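Listed next as structure tokens is one chain, alone, in the form predicted alone.
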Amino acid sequence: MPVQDPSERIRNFSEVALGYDEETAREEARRCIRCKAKPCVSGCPVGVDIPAFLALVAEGKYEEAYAVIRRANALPAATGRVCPQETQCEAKCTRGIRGEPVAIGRIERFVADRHRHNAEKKEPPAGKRVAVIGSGPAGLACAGELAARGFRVTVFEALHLFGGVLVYGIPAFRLPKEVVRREVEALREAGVEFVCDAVIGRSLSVEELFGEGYEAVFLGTGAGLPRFMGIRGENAVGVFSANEFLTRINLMKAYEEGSATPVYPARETIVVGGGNVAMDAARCARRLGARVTVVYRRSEEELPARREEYLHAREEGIAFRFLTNPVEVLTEEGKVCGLRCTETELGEPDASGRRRPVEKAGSAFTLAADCVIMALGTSPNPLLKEAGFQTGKHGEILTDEEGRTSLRGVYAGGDAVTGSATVILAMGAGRRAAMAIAEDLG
């Protein structure tokens, strides 16, 4: 994949990966050996017929390939960029047994980017009405599947832009916002209605939606409640959750001159965490001119971030301190001036299956910092709890395998159910819930 040079991209928010050209895409698609068992499909959370669309790309039939992808995936331009294909469809690719798997995600991106949607905008279908709460990956996937089945769908979004985590969480250098806008427009053209600035649970309740004639409600409200460590000094000026930091940059353009919500000025930024969100926060901070260090309490081998994002961060000059655990945010006049840490070593596996970090006695040391970003995961939004459905100990909505909640007619999926996860897993949950809604409403 051709990419921007690291020395250039740390000065801008333009997309890092530049995409395949036609010749490269067709050549890579020809590497697919059309396995009868289609193991790659079993690795795709939304069930795209991967061999079928690759065969069409190899023949240069790009619009036909796009149609195959869209039958299962409402957001191919987005998933082609941010889906962890290396652990899903590509991990199952037979070609990968003795070499490199077919670059399925990159070809999917090529097809979606090449596509030109010529269909005229349709009137909303006349079928039964379904309300989708949240316009993130789960909500958009649910809406797309229901619209394709003839339901009249309205998507309610609390913010002023549609796309959920795709617009406020993922930086433009990984997923340009114009790509998300086009995906939303494709759903509009399929008849989906969108309503912004609607905080369901405040401006309208779930019960009131049923009173307005909706026959089912899907909750795709995500996991927007940030987690912190609970250590001393964490409330100091200069400490941010990754959610707030990324939202300021991605949604509010805080880095632009004259911004109404300017970014916090920092010279030495420390990001705590090791997932994709931590990589996004670190790479954004680097583009804002700070020296950046990522602190992670386990080793490099346990790092949960995508390998590609980690390597891009390394190329961009971001430092990593593994086997390091923060114990105190140091402050001066209420502002961050450093981070007190201890060294760790890996002990026995914990409930997640990963080896548990254990603090080394007498290993405390201090890192200089004037900004600390906590990228420690998130919990589901608590606003809808009053609706009365059952929730788990972390606030997650409890559902069956098809997304049905404890309330009749109410379904849920994505991060609101699982906690913070990947875009494609949320989309798979949204699609399964749509199928359950279609079955239950007849």
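Note that the coordinates shown come from a computational prediction; the quantities given were computed from them, not determined experimentally. A residue's number is simply how far along the shown sequence it sits, counting from 1.
Not pictured, yet referred to below: the form predicted together with a small molecule.
A.B. asks: Quick one: of 133, 270, 285, 130, which gets a non-hydrogen atom within 4.5 angstroms of the small molecule in the predicted complex?
C.D. replies: Among 133, 270, 285, 130, a heavy atom within 4.5 Å of the small molecule in the predicted complex occurs only for 133.
A.B. asks: Report the residue, out of 148, 254, 198, 368, that has at least one non-hydrogen atom within 4.5 angstroms of the small molecule in the predicted complex.
C.D. replies: Result of the distance check: 198.
A.B. asks: Look at the candidate spot formed by 156, 165 and 423 and say whether the small molecule comes within 4.5 Å of a heavy atom in all three of them in the predicted complex.
C.D. replies: The answer is yes: all three residues contact the partner (heavy atom, 4.5 Å cut-off).
A.B. asks: To test your reading of this chain, name the stretch in 219 to 227, 310 to 318, 257 to 265, 337 to 345 whose heavy atoms come within 4.5 Å of the small molecule in the predicted complex.
C.D. replies: The contacting stretch is 219 to 227.
A.B. asks: Is residue 354 close to the small molecule in the predicted complex, meaning a heavy atom pair under 4.5 Å apart or at it?
C.D. replies: Although the small molecule is absent here, residue 354 would stay clear of it in the predicted complex, with no heavy atoms inside 4.5 Å.
A.B. asks: Might residue 276 be said to contact the small molecule in the predicted complex, defining contact as any heavy atom within 4.5 Å?
C.D. replies: Yes, residue 276 sits close enough to the small molecule in the predicted complex that at least one of its heavy atoms falls within 4.5 Å.
A.B. asks: Taking the small molecule as it sits in the predicted complex, is residue 139 in contact with it (heavy atom to heavy atom, 4.5 Å or less)?
C.D. replies: Contact check for residue 139: yes, within 4.5 Å of the small molecule in the predicted complex.
A.B. asks: With heavy atoms only and a cut-off of 4.5 Å, decide whether residue 191 touches the small molecule in the predicted complex.
C.D. replies: Outside the cut-off, so no.
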